[in-house]
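Only one chain is shown below, in structure tokens, and it's the form predicted alone.
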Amino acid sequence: MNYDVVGLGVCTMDLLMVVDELPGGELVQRAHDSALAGGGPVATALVTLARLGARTAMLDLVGGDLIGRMIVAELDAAGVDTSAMAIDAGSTSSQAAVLVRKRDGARAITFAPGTSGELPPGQLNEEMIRAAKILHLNGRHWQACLRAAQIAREAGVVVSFDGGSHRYRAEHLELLPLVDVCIVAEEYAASCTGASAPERGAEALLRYGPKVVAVTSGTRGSHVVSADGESFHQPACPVDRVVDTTGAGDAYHGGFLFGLARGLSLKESARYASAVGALNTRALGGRAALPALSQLDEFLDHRG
């Protein structure tokens, strides 16, 4: 089977609660709303792609506990191929607790990685990687990540990297020369390059080897540059009411990669990404408001 995007990363199960205040000390408060939903940057990008109609598959190692079974079941239900995911029956899976501030959707996240550990490179499904148009990574399962990127490069598969806010590590500089599409948060770009502005960070990241770089800045949109000399600002798409920003960046990645997989231009792909990220903020949870392709096209048509 061929895939539009195969992803390698860590899947989580998120417990989300909408609260009045993010804690700065001891605090007891009643939640306005709550949800239990799958998470993880790469996994949520794949669910985004699957919702839009792309063929996707997830590579990860999860525990054999209830959380691990829930993670796999939710991905299956979303249409993501989980047949190559490894399960360690004796370990626990990753969880996160997410507090969402009611008035603006700001978040405080606490992450428990579980005991399942790193996916060994030897357990990668190499044929699945070679059968993809795009391999999507975020640096988790580090040795497997490097191996997967090398396999993809040798097979002519596009390598995509997600650099999340506060997730820069110096070892990523070893991966960036293997990356074709590098989409990172503004804070990541600043930590990696020292650049004081997103457009400068994007230009600096190009020097590490990617062909396309996008630096995202939340409601201030994103700046996209390419090795071919293309450079533009993609405005953020406003929505009537922001409920939760969880997964908005991951949805942006999914929308961008969906455009690329369909052969769209960088500008069209960035427009898709901005719209998908915005639409995903309308409900609690990182995947609850992901649009189908018809909904995305209708939203963009109304914007003109």
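Everything numeric in this text was worked out from a predicted model, so none of it was measured. Rigid core: the largest C-alpha set superposing within 1.5 Å between the two forms. In case it trips you up, residue 1 is the first one in the sequence shown, and so on.
Omitted from view is the form predicted in complex with a further copy of the same chain, to which the following refers.
Asker: Looking at 66-74, 264-272, 233-241, 41-49, which one sits within 4.5 Å of a further copy of the same chain in the model of the complex if you count heavy atoms only?
Answerer: After filtering at 4.5 Å, what remains is 66-74.
Asker: Does A144 reach a further copy of the same chain in the model of the complex, with heavy atoms at most 4.5 Å apart?
Answerer: Answer no; every heavy atom of A144 is more than 4.5 Å from a further copy of the same chain in the model of the complex.
Asker: V19: heavy atom within 4.5 Å of a further copy of the same chain in the model of the complex?
Answerer: V19: contacts a further copy of the same chain in the model of the complex.
Asker: I'd like to know whether L99 contacts a further copy of the same chain in the model of the complex, with contact meaning heavy atoms within 4.5 angstroms.
Answerer: Judged by the heavy-atom cut-off of 4.5 Å, L99 is in contact with a further copy of the same chain in the model of the complex.
Asker: Going by a heavy atom distance of 4.5 Å, is S83 a contact of a further copy of the same chain in the model of the complex?
Answerer: Result no; S83 lies far from a further copy of the same chain in the model of the complex.
Asker: From the list N125, S191, Q95, S217, which entry has a heavy atom within 4.5 Å of a further copy of the same chain in the model of the complex?
Answerer: The option sitting close enough to the partner is Q95.
Asker: Only one of R107, R207, R153, R200 has a non-hydrogen atom within 4.5 angstroms of a further copy of the same chain in the model of the complex; which is it?
Answerer: The option sitting close enough to the partner is R107.
Asker: Taking heavy atoms and a 4.5 Å limit, what residues of 11-30 are near a further copy of the same chain in the model of the complex?
Answerer: L15, M17, V19, L22, P23, G24, G25, E26, L27, V28, Q29, R30 sit within 4.5 Å of the partner.
Asker: After the core is overlaid between this form and the one not shown, has the C-alpha of S265 moved by 2 angstroms or more?
Answerer: Result for S265: no, shift under 2 Å.
Asker: For D240, does the CA position differ by 2 Å or more between this form and the one not shown when the superposition is done on the rigid core?
Answerer: No: D240 shifts by under 2 Å between this form and the one not shown.
Asker: Taking the rigid core as the superposition reference, indicate whether the CA of L27 shifts 2 angstroms or more between this form and the one not shown.
Answerer: Shift at L27: 2 Å or more after core fit.
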